[in-house]
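Only one chain is given next, in structure tokens, and it is the form predicted on its own.
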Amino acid sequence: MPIDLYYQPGSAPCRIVLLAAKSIGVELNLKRTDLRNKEHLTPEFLKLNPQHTIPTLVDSDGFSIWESRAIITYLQNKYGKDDSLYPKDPKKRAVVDQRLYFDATSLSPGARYAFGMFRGETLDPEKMESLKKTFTFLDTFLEGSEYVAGDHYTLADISIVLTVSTLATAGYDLSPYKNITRWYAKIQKTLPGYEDINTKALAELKEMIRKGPPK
């Protein structure tokens, strides 16, 4: 039985799962889910995920899990060939977990807010200042470190690069953060499938931005 992933390619959380699966070496049966047509609200989908969100993963035994960071740690724990992406050492794993939670609770929410500039929204200066501080924290994490949680890339890098790349494409200036800029240039070349999975989606996003906010 296949491992199904209900997703949309334009969704950054969905691309987190696609990139992680590529690094883990897991084949996914992709099930494109049209939210505009409410395919996530069908009785069949609600049985899989009562929160009706994507990405949603359904393993070959029928086990379902959602939320991108929960999905990628599950895939690694079950199918990973080694622990380089998600170390078994408690201290090293704790650092990866901290970075994942940092992305989920600080970086990604701030990025979603700042992306309102694409929609022509007036942004709250205090919230933008908070996002600036969050990026400063990330820059500090990378001080003297090749990747966000150590000397090789992990699931944390995969999660965070999707947030950073989406914001950078929307026009957020990364130049004040020398460590993030260095890391960002390197991780794009390091991650298997980055070009096919993320760069193409970001090009489509850039075209949307070029056309301007929706009327």
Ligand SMILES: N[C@@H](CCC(=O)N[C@@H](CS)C(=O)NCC(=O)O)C(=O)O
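Nothing here was measured: the structure is a model prediction, and the numbers come from that model. Numbering starts at 1 and runs along the sequence shown.
Another form, the form predicted together with this ligand, is not on view; read the next lines as being about it.
- If you check this ligand in the predicted bound form, you find a heavy atom from every one of 11, 35 and 68 within 4.5 Å.
- The stretch in contact with this ligand in the predicted bound form, judged by heavy atoms within 4.5 Å, is 50 to 58, chosen from 172 to 180, 144 to 152, 50 to 58, 185 to 193.
- With a 4.5 Å cutoff on heavy atoms, residue 132 does not count as touching this ligand in the predicted bound form; it lies far away.
- The shortest heavy atom separation between residue 112 and this ligand in the predicted bound form is within 4.5 Å.
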